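Take a look at this single chain, the form predicted alone, given in structure tokens.
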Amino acid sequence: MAHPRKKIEIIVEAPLQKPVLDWLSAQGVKGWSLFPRVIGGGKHGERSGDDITRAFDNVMIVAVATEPVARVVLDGFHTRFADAVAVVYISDVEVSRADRF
């Protein structure tokens, strides 16, 4: 049986990885996956993923949560991380094990 949930995707600068993961946990997110060295471009220019210091690398954090938790994350992220170069979005997904999310 499928259960509706929300997928949370956050692309943020690598140095903010730990604070963002800690904050997600505090908001009720039960688990996450992290993809290092995400490349792309946007308002702040291009991120190539080849910065030797990793200071300008981006990571992508993916989590699945209930809708109330996802809304708290979406609504509160840019208040908590006001100066972060980040993109946050949520989308609909279905999961088979509701107790995990």
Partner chain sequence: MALSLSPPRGLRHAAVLMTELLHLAAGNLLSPMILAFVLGAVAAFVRSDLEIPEGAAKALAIYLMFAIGFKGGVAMHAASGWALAGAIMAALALSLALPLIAFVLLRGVWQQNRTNAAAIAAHYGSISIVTFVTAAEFLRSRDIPYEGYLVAMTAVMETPAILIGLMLAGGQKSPGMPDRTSERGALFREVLVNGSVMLLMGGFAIGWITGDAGLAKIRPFVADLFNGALCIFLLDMGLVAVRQGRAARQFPKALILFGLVMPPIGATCGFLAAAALGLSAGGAMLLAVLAASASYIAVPAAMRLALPAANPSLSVTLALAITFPFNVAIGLPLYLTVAQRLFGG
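Since we're looking at a predicted model, the values are computed, not measured. Numbering follows the first chain given and starts at 1.
One more form of this protein, predicted together with the partner chain, exists but is not displayed; see below.
Kindly indicate whether 6, 75 and 96 are, all three, within 4.5 angstroms of the partner chain in the predicted bound form, using heavy atoms. No, none of 6, 75 and 96 comes within 4.5 Å of the partner chain in the predicted bound form.
Residue contact check: residue 90 to the partner chain in the predicted bound form, 4.5 Å heavy atom: Result no; residue 90 lies far from the partner chain in the predicted bound form.
With the partner left out of view, is residue 32 within 4.5 angstroms of the partner chain in the predicted bound form by any non-hydrogen atom? Residue 32: no, not in contact with the partner chain in the predicted bound form.
Would residue 37 count as touching the partner chain in the predicted bound form under a 4.5 Å heavy atom rule? Yes.
Decide whether residue 11 counts as a contact residue for the partner chain in the predicted bound form under a heavy atom distance cut-off of 4.5 Å. So residue 11 does not count as contacting the partner chain.
Taking heavy atoms and a 4.5 Å limit, what residues of 55 to 78 are near the partner chain in the predicted bound form? The stretch touches the partner through 55, 56.
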